[in-house]
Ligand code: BG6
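What follows is a single chain, given as structure tokens, in the form predicted on its own.
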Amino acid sequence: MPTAKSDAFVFFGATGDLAYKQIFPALQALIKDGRLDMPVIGIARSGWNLDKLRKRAHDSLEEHGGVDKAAFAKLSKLMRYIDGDYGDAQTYDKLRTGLGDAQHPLHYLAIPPSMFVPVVKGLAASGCSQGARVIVEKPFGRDLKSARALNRTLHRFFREHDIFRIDHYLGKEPVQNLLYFRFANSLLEPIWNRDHIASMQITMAENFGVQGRGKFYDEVGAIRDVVQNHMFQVLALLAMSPPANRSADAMRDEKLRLFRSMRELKPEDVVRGQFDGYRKEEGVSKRSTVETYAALRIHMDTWRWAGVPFFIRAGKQLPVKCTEVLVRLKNPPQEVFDAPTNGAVNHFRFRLSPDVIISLGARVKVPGEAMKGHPVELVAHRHVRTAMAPYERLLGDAIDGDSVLFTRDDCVEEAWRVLDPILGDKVPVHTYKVGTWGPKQADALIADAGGWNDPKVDAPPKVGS
């Protein structure tokens, strides 16, 4: 498998929102770290020129992290700009000329998914795909059928190990820490199975709405936007078996085994919600049935996890902005002392944002003669404000040809297989009030497993039934 470093960085959608918020800051950071010294070619159909793109990059950096004079000067020197339509062969002829002697360009498709196919075909027809890698932004299709079609098209022109399906969530330091904590320590593995774990739940809460992206969101919804990718990836890190080694294929092989063990979802395993007022958002249909909230109950047919329910919920306009995992352990087989009043005696809690928390929930004796206890948490807490930004990590890895943090074709298709039966309007949508934890129907989904754990950002949450 080739390991040659990319020698040119090309990004389609150079004048777009993703480039402004993420790509320019990542490129400057890579230059500061000494990891980027190659032509940086922006392509868009905006009628711009190079000076305007440089100004756009400067404005982006001022707003997102600050301008480093030396690094920005180098970035400006490396930058090129090609203005043209993605369906016009001349655009790719200009790119072929602009690449010069580059043998291993990296093409980043920071564009709407509808444009992936014409751009990939244009790259191939002009010879720009020869020896190249390609980065594809999520969503990777809208369902199993479209994901398979997209993969077939990509495989016509690129080998699988040259395709980098980017999910910025996998580049986050706290998510990486979850993977490291599981497999760098021996304390979890003896109990990380159906004999000791009663349930797991993952909450990804956002305390804001669609933020002007109504038209986009109304075509996607919560399940396609964050569940199929972000949340399934976190679930995989929690439940996968240890990989044989650190290689990309070893990691992704274990994820694939896990996804293949997941049962296809049924309507009774899913609750969809829509926050009150969503249909008034600009770009949203007045009759929209798209979910802004989703709760799912997942079962896996494996020796390790048979009978253990996994719960996922994600939603907008919830009380806090927080992503948290709660692993409830089974209670002791006999109550020697007082019976706990809050359901679970022990738990692990992994907070992934906005801060990083790894904690163990237990019961300890209260002072006095009575043998009574109360719940406490043993907390290891650290901030990650200076951590490498996800896009810097992921773009740097793609440049180096390291695909460990990127998603493979078969994993994408297996995730869609699980979700396919409940996509669209097969599950009704329930309205919920802004600032609440979603529709009440979601409570019944997890009632037998102790109820949802509602994260609190300003203090450690109380874990109850």
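What you see is a predicted model, and the numbers here were worked out from it, not measured in a lab. Note that residue numbering follows the sequence shown and begins at 1.
This protein has a second form, the form predicted in complex with the ligand, left out of what is shown; the following refers to that one.
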Give me the residue from Arg252, Arg142, Lys138, Lys121 that has a heavy atom within 4.5 Å of the ligand in the predicted complex. Lys138
Listed residue (Arg349, Arg279, His230, His104) with a non-hydrogen atom within 4.5 angstroms of the ligand in the predicted complex: His230
Does Asp162 reach the ligand in the predicted complex if we count a contact as any heavy atom within 4.5 Å? no
Do Asp269 and the ligand come within 4.5 Å of each other in the predicted complex, heavy atoms counted? no
Lys321 versus the ligand, in the predicted complex: is there a non-hydrogen atom within 4.5 Å? yes
Within a 4.5 Å heavy atom cut-off, is Lys172 in contact with the ligand in the predicted complex? yes
Counting only non-hydrogen atoms, which stretch in 109-117, 75-83, 242-250, 207-215 is within 4.5 Å of the ligand in the predicted complex? 207-215
Each of His168, Asp225 and Lys316 having a non-hydrogen atom within 4.5 Å of the ligand in the predicted complex: is that the case here? yes
